[in-house]
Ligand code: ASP
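Only one chain is given next, in structure tokens, and it is the form predicted on its own.
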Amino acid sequence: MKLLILYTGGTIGMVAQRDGSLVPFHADALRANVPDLVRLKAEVEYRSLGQPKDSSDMGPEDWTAMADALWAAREEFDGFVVLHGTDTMAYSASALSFMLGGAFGKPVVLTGSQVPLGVLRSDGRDNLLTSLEIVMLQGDHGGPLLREVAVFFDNRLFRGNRVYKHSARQFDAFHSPNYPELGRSGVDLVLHRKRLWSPDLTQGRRTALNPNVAVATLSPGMTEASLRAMLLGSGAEGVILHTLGSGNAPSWPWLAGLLREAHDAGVALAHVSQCRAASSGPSNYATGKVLQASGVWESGGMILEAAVVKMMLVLALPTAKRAAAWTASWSGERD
């Protein structure tokens, strides 16, 4: 079995120099800091995706580069672990889950650490080694057990397009409020098979993105002028409305007219709740029904990070296909 570690940057890839400063590692430093790699019953190769980046600088061009690198290595390797900074890991995991499509059909696990790998107390070693073990697991069909993009952190495996970064200070950095964990590492390494995504192997790659997307958070006291500036004055072609509760909006008398104006101007609108554990489906409240009547797409159980990335991909489609693409579940990101 052959596995690929793709390093993009982030805290996990830092090692200390003699003066105490932290610099990105290379393959030799990886083996020195994680000597147990040799105990895996697999051939492990390490590659770097260009110059390592802080994940706060990661964006659509980097998602495309990651997807291209993984796809190019698809026939050569049986499983993939992507080392990534935590700040935007949820965005990259969502992007890869959508862009690789069902046709990729092999396990991709993103992981990282809160403490650099070169530090004695790093959580990176366990995260990396367990991620590699996960992509090695075999299913009853003779292929990999996991066939989707996932995030592994602090002994828990999550669907990649369902997570968000919950903490910058704790090892359990990621939560998945609207979909249960895919697996857990303890004395035993257990994956919940019924929760795993079964990919449509005929579903091809998605490569085109339109990053002209904005997020507008609805908040008490927001003025019509400020929301108008975001919907119509920013030049954004798609806007995610960050709504309240289960997908509600304040009963501002001007809101419905402004939303319809933006919709008629060709701005794609969708809404995701500010409550992380929520599903923005059809609302029973009058204020929520304003959104529905104004052509704003609901997002089911999608997390904000996944919604932002999916909107970028949807905007690359012909206008007539966008609404159906948004409401479709591409890789288990919705309900």
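Position 1 is the first residue in the sequence shown; the rest follow in order. On a predicted model such as this, the values are computed, not experimentally measured, just so you know.
The following text describes the form predicted together with this ligand, which does not appear among the structures shown.
Among heavy atoms of E43, none comes within 4.5 Å of this ligand in the predicted complex. Heavy atoms of N127 never reach within 4.5 Å of this ligand in the predicted complex, leaving it off the interface. Contact annotation for S176: none of its heavy atoms lies within 4.5 Å of this ligand in the predicted complex. Residue contact with this ligand in the predicted complex: S131 places no heavy atom within 4.5 Å of it. The contact with this ligand in the predicted complex, taken as any heavy atom within 4.5 Å, belongs to G85 out of P107, G238, G183, G85. Contact with this ligand in the predicted complex, judged as any non-hydrogen atom within 4.5 angstroms, is confined among 219-227, 192-200, 258-266, 86-94 to 86-94.
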